[in-house]
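To begin, one chain is listed below as structure tokens, in the form predicted on its own.
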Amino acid sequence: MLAHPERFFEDRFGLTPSAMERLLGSSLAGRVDHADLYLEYRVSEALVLEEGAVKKASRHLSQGAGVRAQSGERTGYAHTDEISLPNLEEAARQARAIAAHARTSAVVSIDRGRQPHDLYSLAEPPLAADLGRKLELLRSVDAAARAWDPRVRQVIASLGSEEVVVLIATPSGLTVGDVRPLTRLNVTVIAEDGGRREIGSHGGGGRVPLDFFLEAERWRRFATEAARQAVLNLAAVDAPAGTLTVVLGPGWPGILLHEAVGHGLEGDFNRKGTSAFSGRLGQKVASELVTVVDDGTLANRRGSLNVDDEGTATGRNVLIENGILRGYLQDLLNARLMGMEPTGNGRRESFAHPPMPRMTNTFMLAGQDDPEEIIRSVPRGLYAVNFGGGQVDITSGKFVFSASEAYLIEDGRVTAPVKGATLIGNGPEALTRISRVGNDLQLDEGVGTCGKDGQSVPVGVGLPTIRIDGMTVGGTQV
């Protein structure tokens, strides 16, 4: 967090406090229900090593500002990549004009006095690390993946880092600043045997320094895990199809929870009545074994923020508790219109986008069951431990997800790896079919990126081992 964010207006963006006061006071104050100014300065770096050679090395700088005005349900938003007082005043006029003539709505009192956090102060931000050390890391990853198995044919190792300085100001005098580091190491491996080619990938990161990947040679685990997946898939058999008991492994399979359930708990979908969870607060929506939390306060996690992109401190929000729906994820607009408190989930991809309710780190809490016992309880089923892409319909809750690593469960034992398995179902219904929850909650390694309405933001997911009864599995087995 910035201890004195107002000083950064002039130092980073060339705007004096008096200019800020003129902009916010003359252009926006008292004319709309809510208004704010969002300033952003971003530096990003990408390094890619392919076939042992550096294929990409780039650094990009961008900055800009967005001005938002809200009146009733209408939002006006204008942005510029040239930060000057005349440009910002014009953006404010446009935003106010768009928001004009809106229907009136009650304005609820919002407590924004929660103390911001300090979740990712780093001695050395990832962008500041020596370039030679970064390239050495990528070469080490390449060598480790190739050494895993002679069938490894191709390795792509990439390291992406960024640092974003943001400042949010409102006519009421709120000024909040944040400096957000982010880095991710990713490894993709292609293995080949007898003309068959398969792919594996692994990676991780967060709001962490470069040394994070060096701790206990974490980078080596990323490399060998990607190689292991690729080689494993060479021996995979066709997945069965039909209604099966499905066991999801811990960690990254929480992406299914994120997509099939999490989006349906965001405030905008529920205010508009387009979510399968709309109007169901206080009702049972899941098995009593299920408690789902969205927590943006976990130190150094990819989805964490000191404050959201509206200046509200992030929090730990219980969405479903023992099967009962307790709350939605809210930004300022939807909280005001729904008569609720904001939850610190107003997020945006950049200054060119208005904020909306988004997840941070979303996961299911651990239960009491031994994960091995959960497997032993399944006479025939599917054990899915890694996922690729998926599609979700927020209104109906229907989803389709492809498993990139899955196994047959036969007589309570994990047996052959399978390929081509898809999970098909309905998010709210799947929650009611959870019959066992393991005691092994894991968060993902730090690779999640969530898309919504054309905007992408970094997120985290998590899950303990869970058993879901009666799930439809699409397979390739004839």
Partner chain sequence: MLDLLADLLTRATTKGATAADAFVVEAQAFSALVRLGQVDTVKHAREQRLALRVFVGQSVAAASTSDLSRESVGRLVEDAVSLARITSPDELAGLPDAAELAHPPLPDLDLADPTGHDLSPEEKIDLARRAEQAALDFDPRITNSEGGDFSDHRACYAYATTHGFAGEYRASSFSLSVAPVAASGGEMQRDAWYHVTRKRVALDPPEEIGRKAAERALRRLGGRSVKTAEVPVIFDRETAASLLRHLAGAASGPSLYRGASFLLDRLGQSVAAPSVTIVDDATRPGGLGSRPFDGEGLSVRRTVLVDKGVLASYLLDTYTGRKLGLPSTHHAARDGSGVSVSTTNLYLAAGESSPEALIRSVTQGLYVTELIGFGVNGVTGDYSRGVVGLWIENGELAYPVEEITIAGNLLDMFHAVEGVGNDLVFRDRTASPTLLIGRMVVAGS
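Quantities reported herein were computed from a predicted structural model and do not represent experimental measurements. Residue numbers count along the first chain shown, from 1.
What comes next is about the form predicted in complex with its partner chain, which is not displayed.
- Residue contact with its partner chain in the predicted bound form: residue 425 places a heavy atom within 4.5 Å of it.
- Taking the partner from the other structure, its partner chain in the predicted bound form has a heavy atom within 4.5 Å of a heavy atom of residue 419.
- When contacts are judged by a 4.5 Å heavy atom cut-off, residue 400 counts as touching its partner chain in the predicted bound form.
- Contact check for residue 341: no non-hydrogen atom falls within 4.5 Å of its partner chain in the predicted bound form.
- Residue in contact with its partner chain in the predicted bound form (any heavy atom within 4.5 Å), chosen from 220, 74, 146, 326: 74.
- Comment: its partner chain is not present in this chain, but in the predicted bound form one of 284, 133, 376, 197 has a heavy atom within 4.5 Å of it, namely 197.
- Only one segment in the set 208-216, 383-391, 357-365, 224-232 has any non-hydrogen atom within 4.5 angstroms of its partner chain in the predicted bound form, and it is 383-391.
- Within 4.5 angstroms of its partner chain in the predicted bound form, the stretch 145-162 places a non-hydrogen atom from each of 154, 156, taken in sequence order.
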